[in-house]
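Two forms of a single protein chain come next, each set out by itself as structure tokens; they are called structure 1 and structure 2.
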Structure 1
């Protein structure tokens, strides 16, 4: 039996685990299986009883729970301290994090603090012990790279979305639950204004996403994207290029450095299909591309393509979408 595998979760209070968190337990279980190790999960948050129970029911052997008010939205210094405490208390060598904006900071800081190494955007792993090989996307998804991590401290792996399936939930299954002790930490970064609490639908959960790129020709034409998204009961998205141009707001960016979406239908209008963008939408069930250039890379990924000016195609799609809804 080798050192345990640790999955660190910082769930919002009150609820069970998100899909991504449950999938991380699946990845942890697979990684533990590679080296005959046990699976430990640290749950750090406030009001986390439901999440703790679910972790146990999804096959975790031991849960380290830190249920305190100060962990309601742990970030920066506090998140690093809590994660470092979890690594030390668990004795884990391999540590998994959910790959989100927080992990981009937490992963390498945790590794540096404990004299280990980290890798973000992990899509696969194989081997065990010192021969563990970890794969991640590089060059915005144009290629992959296999790495080995070394150092006296832990190997911290930030998971890309949908790397593993969530383990089946076995009602009533229990695990050893112990309190995780985190020393007092004074956070040096002060949050003066948090992102406006947006209770609306999330782009990541939308069944239909309609995205626009530079082929819209003008920022005002992003309205055509919004109109079609609304007509189809979906949400608007944007390429990084038009977010940089200020045509669309940053939270609507789809891609490696934006949102990663997996809708049933993804319509890309006037988007060339750079790997950076495709890394955010290539797992959509059906991809439709509308582009004037028949050689645009987006057609390599799309299931259906329209070679034409998206500004002429979008209004008709919107009209048909509205008609369809009215007919219901």
Structure 2
């Protein structure tokens, strides 16, 4: 059997795995299957019992658990040290990270420490052993590039969103669980104020997202985005342009410099479809675009398009959404 595949997760304490984390296990399972390798998951955090149990139920063969107060918000030097310890203890050659902002720092630093290779935005892989072929999104998702990784060191791969389906949970399934030993680390960065913990539903986990752009014409019209999102049981999103204009709050921004979302349904109202925005939503399962310009780039990505004024269309969609939810 080949060297195991390692998925590194750093979940918030007390909860199970996020959708993205579960999908990362699906990607790990697919990669492990290419070379008949085992799947190992490192779960690093505080109060991670629920996440550890879920990892086992989703098909992981072995779990390395680091459950300590210092890992409540691991970052910087501590995150690199913990990840390096997981790679060493697991014996893995292929290492997968969630495709989030933290991976952009962790991936290259981890690869450098282990004298390996790092690649972000991975969407597919093939081959096995010494020759692993990897496809990654580049230029904000506007193009794909193919790489062949054949060096002896570990390959640290940061996943793009929604690259795999989450494995089904098998209630009661267990895995070998062992403590992950991480040495003491003296951080070179002092955190003056920790970011506040997320409260309520997360935009990244929403199954329906309705986003608005400059086509709304006025900040007050962003309420129409919120109304449709609520009618469909989803969450509102926004382009960077209207966030910069103060029409929508920064936590609702979708795009390369905002949130990466992978909902079942993404409705883009009055959004032109610049590559920076599409980098945040192009992996949605269904994209519906509403724009007055039939040549807008958004229609190159959309599964369904409506060429019309979004201010006329949004109220009608909201009415239909409310009727559907009422069972009429």
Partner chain sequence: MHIVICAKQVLDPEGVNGYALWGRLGVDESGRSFDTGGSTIPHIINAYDEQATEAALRIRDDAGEGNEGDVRITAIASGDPAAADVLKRCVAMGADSSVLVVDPEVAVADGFRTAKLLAAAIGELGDVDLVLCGRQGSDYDQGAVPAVLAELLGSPLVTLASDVRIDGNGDGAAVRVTRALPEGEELVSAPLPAVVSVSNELGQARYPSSRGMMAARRNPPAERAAADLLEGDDARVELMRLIVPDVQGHCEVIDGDSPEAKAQALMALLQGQGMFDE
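This one's a predicted model, so the numbers in the text were calculated from it and none came from an experiment. Positions refer to the first chain, counted from 1. Heads up, when I say rigid core I mean the largest set of C-alphas that superpose within 1.5 Å between the two forms.
Engineer: Looking at both copies of this chain, which one is the form predicted in complex with its partner chain?
Structural biologist: Structure 1 is the one predicted in complex with its partner chain.
Engineer: Kindly check if the Cα atom of residue 254 is displaced 2 angstroms or more between structures 1 and 2 relative to the superposed rigid core.
Structural biologist: Yes: residue 254 shifts by at least 2 Å between structures 1 and 2.
Engineer: Taking the rigid core as the reference frame, tell me whether residue 288 has a CA displacement of 2 angstroms or more between structures 1 and 2.
Structural biologist: Yes, residue 288 moves 2 Å or more.
Engineer: Once you overlay the rigid core, does the Cα of residue 94 travel 2 Å or further between structures 1 and 2?
Structural biologist: False for residue 94: its C-alpha shift is below 2 Å.
Engineer: How much does the C-alpha of residue 229 move between structures 1 and 2, in Å, when the core is lined up?
Structural biologist: Its alpha carbon moves by 7.6 Å.
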